[in-house]
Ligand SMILES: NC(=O)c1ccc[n+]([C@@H]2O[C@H](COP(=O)([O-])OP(=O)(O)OC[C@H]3O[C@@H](n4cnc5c(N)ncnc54)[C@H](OP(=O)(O)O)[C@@H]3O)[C@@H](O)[C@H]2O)c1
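Below, in structure tokens: the form predicted on its own, a single chain.
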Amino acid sequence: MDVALEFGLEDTTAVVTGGSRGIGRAISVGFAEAGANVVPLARDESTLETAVEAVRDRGVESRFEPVDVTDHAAVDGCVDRIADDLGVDVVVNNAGVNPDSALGRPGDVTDAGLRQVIDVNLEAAFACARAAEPALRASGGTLVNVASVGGLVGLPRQHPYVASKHGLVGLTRSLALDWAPAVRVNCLAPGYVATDLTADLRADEDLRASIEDRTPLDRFADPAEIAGPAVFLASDLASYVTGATLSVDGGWTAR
């Protein structure tokens, strides 16, 4: 068979959860620069509005769709509207949290913190995938889940987060089996990235130094460095890749 390998995403539409800031915003802009129409999803309307403007500044279409990804009925309606108007070729499950109430030794983790992490990081990803399945099957599209190195190895004092990200890696594999050959499903596992989520870590000189020392590339990633691998997994260059988890971690998991 002849295989046309294309890196661009022209004539496609991507939906990116948690798409208004950090890694999600970088992925939204990266997809737009690769030619895709992009609909970032987020709760915060002010940051979402600037993300939509950044996408449109790249000459592609976007939509303002504020939504709480833990509201599964709202997600269903949102995905249906996008599919009806623009189609859906790519879904990126990027929304994630790691609040203080979920950090520490197991006895320090509150029920509310545990529930929030699982709701956002795992259950919402499943709900978004479920909502998008008909549209992705129709387009022969692809799903990209954004996990973490915490989905591949343990991280101390981050038990709910690590559990949720391991679950997301497992969900990626099971969806890839269930949806093949119609839809490809893959996962990114970023290391430590310079976003709002890691601001406190980077502000603490000792913690920052310990993370950089543990990372062979000796630094935090820029969010844009996660966008490139996401574009690759969504593109035809990855047409024979499904069920895979790609580490984008500066060598963290190589040790």
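In case it trips you up, residue 1 is the first one in the sequence shown, and so on. From a predicted model like this one, the values you see are computed outputs, not experimental measurements.
There is also a form predicted in complex with the ligand; it is not shown, and the following applies to it.
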Handout entry: Non-hydrogen atom contact G30 with the ligand in the model of the complex at 4.5 angstroms
Key = no
Problem - Close approach of L143 to the ligand in the model of the complex, 4.5 Å, heavy atom - result: no
Exercise for the section: Check whether L152 has any heavy atom within 4.5 Å of a heavy atom of the ligand in the model of the complex, and answer yes or no. Expected result: no
Practice task
Evaluate C78 for contact with the ligand in the model of the complex, applying a 4.5 angstroms cut-off between non-hydrogen atoms, and reply yes or no.
Solution key: no
Problem - Region of this chain that lies against the ligand in the model of the complex, out of 177-185, 134-142, 107-115, 88-96 [heavy atom, 4.5 Å] - result: 88-96
Completion exercise
Picking from V169, L103, A74, V120, the single residue whose non-hydrogen atoms come within 4.5 angstroms of the ligand in the model of the complex is V120
Completion exercise
Near the ligand in the model of the complex, with a heavy atom at 4.5 Å or closer, the residues from 170-208 are P190, G191, Y192, V193, T195, D196, L197, T198
